[in-house]
Structures are given as structure tokens and as C-alpha cells.
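One chain follows as C-alpha cells, the form predicted on its own.
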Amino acid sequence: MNNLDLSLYLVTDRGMSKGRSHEYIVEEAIKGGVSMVQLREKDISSRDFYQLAFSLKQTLVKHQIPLIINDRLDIALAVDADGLHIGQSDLPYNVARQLLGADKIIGLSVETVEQARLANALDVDYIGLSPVFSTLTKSDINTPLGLNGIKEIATFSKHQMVAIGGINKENTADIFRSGAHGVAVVSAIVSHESPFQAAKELRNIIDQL
């Protein structure tokens, strides 16, 4: 899918939301300038995941913001989400594409330069560089790619790239200058006292580049 706006990509995390609902955080973050939203849930029943995804879809449709589901193809299909994000050990890309259809967004996490090279053989819509910096939101991660990793991958990748892992307002500009097309943010928005203000500050930085 062309014309993706990966610039400010929110990834949800229930454990970091300080008891606030996903709906509240997402709505506030959209007002602040988020361009895409990924619903990521690891410890939740399928029924609850479906209901949450369905609820967020209603909110995001009103704002014309894409809803991406992490990992769970069944949930993405059930709520007619805009896309699916898969990791290296998730459902193979070709199977996901066949089941989702050509008009849906599929993102793929890449954790190394070699994985980014291999991704060039796949017609994914974007790659998620993970992690760029150390992060507390995921424990099963490789050595951070750093800004040099982004720069190297940018020299050969045919895909749009969104960086995730340790993103904040201090390093966002450098990430874009290194060749990324967007930043995927978790705690910097989800855990912030004001998700709206956090998103707005990041949006302002991005828009000034």
C-alpha cells in the first residue's frame, strides 16, 4: 500500500497505561498528531482482544487513522483492520498476504541488518527496525541497531522504515535524519501524564524536519 504515513506510529501497551483505557490514550494521541496505531496485546483472551480491536477501529475510522493488529491475523480479519504487523517468528509473510488480501497493510519487524536485507525479497508495506535503542517495553530483543544501523539499512532497503525502541523527543530528529520514515512510540506516549501533549511534542519535532 502506497502513501503510508508512518511518521508518528503509536503502539499500545496495557501494562504501561497507568490504568487508563486504550480508547482514552488513543483518542488523546490522535488529537496530538499520531498517524497510525498498532494494537499489541500479549496477555489477553481472544474475546477481549477482539472487543478491544473492534472498539478502537470505530474510533480510528472517524479520524481516518489506520489500525494495525500485532501478530494476530484472526483478530485483524475479524475486525477488518487496516493491517497486520508480524515478527520474524510469526506467521510467514506470504501466508498473511494471501489471507489478508492485496489492499491491506503488512509490516515486518527486522532486528538485524541481515534480516533487513532478506526483507527486500518480500513485498511488505514497511519494516519495523527493532530495537533502535534499549527499551523496557520488550524483553526478548536483540542488540540495539542504533543510528548507525538505521543509516546502513537505509542504503539498501526498498521499504519504508519505522524505528521502534527507546524513542523519545530527544532522539526523534536524529532517527529521521538517519533515514527512517517514522518513529513507533510506546512508553513516551502511553505512560505520559498527557498522551495528547506527548504526541503533540513529537509531532512538532517531526513536522519541523
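Each residue number is its position in the shown sequence, starting from 1. Given the structure is predicted, the values throughout are model-derived calculations rather than measurements.
One more form of this protein should be noted, the form predicted in complex with another copy of the chain, which is absent from this view; the next part is about it.
Annotated contacts: G182, A188 and A199 are all free of another copy of the chain in the predicted bound form [non-hydrogen atom within 4.5 angstroms].
Though the partner is left out of this view, D82 does not reach within 4.5 Å of another copy of the chain in the predicted bound form, counting heavy atoms only. Mapping the unseen interface onto this chain, F176 falls outside it, with no heavy atom inside 4.5 Å of another copy of the chain in the predicted bound form. Heavy atoms of Q58 never reach within 4.5 Å of another copy of the chain in the predicted bound form, leaving it off the interface. When another copy of the chain is considered in the predicted bound form, R47 lines it closely, a heavy atom lying within 4.5 Å. In the predicted bound form, another copy of the chain lies within 4.5 angstroms of at least one heavy atom of each of the following residues of 61 to 85: D71, R72, L73, D74, I75, L77, A78, in sequence order.
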